[in-house]
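There is one chain below, alone, in structure tokens, taken in the form predicted on its own.
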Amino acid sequence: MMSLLKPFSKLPGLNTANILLVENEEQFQQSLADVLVEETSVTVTVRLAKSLPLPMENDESRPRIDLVVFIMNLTSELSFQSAEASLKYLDPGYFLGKVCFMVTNARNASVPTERLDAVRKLAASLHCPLLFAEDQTPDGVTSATERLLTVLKVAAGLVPTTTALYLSNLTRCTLPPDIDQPSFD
């Protein structure tokens, strides 16, 4: 039995932020999780999943998820397909500032430009932020974690006068008007 993950079905915790990292390859999520839980200004709970839907048996004990992050390795077509397939298990309320996409290996020469374009189109169509991350170096992991924490704190309602919807409007992925034109490089 599977169900939609709903953003407002549970009460928030005091000074707590809960993040769900979804990654088919399960490579980068653990590095991010290790750094995220070291945060001291707020209690960060990290949940890891290979894909959605989440199993029903833990539903009662599962905290409210403030931010869902889909991590995609651009060198893997399966990574993109898995993230795309998982989206239907999220309640539409999540797309009001509580979902973001994070991609790795964007600089890899073997990545087809069409795959990056597909990820950008997906993020833009859902009005979600698209973050690029370097997953091979400690500095890259730290930088990616800092960006996620900024989004997470807002999504969890821990930043006064700023809402997740407001932040997502500022940071959402937009497409250049010529994205469907052939590139000449």
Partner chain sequence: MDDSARRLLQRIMRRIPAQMLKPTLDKWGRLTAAQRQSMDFTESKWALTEKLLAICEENEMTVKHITELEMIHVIENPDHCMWYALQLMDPEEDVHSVELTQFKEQFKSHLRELIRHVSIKIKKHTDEAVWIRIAWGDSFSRPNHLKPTYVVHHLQTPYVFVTSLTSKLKPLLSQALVLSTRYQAIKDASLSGRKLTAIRDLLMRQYQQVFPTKYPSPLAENDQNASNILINKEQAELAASRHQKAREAFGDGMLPQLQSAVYKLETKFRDHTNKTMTEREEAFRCVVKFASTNLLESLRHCASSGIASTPGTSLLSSIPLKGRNYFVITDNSPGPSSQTRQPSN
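Residue numbers count along the first chain shown, from 1. Only a predicted model underlies this, so the values are computations on that prediction, with no experimental measurement involved.
Keep in mind that the form predicted together with its partner chain is missing from the display, and what follows is about it.
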item	value
Contact label in the predicted complex: Ala49 to its partner chain, heavy atom within 4.5 Å	yes
is_contact(Thr145, its partner chain) in the predicted complex, heavy atom dist at most 4.5 Å	no
Interface membership of Ala124, its partner chain in the predicted complex, 4.5 Å heavy atom rule	no
Touches its partner chain in the predicted complex: Leu54 (any heavy atom, 4.5 Å)	yes
Triple contact flag Gln30, Asp34 and Asn58 to its partner chain in the predicted complex, non-hydrogen atom at 4.5 angstroms	yes
Proximity to its partner chain in the predicted complex (heavy atom, within 4.5 Å), stretch among 41-49, 126-134, 66-74, 149-157	41-49
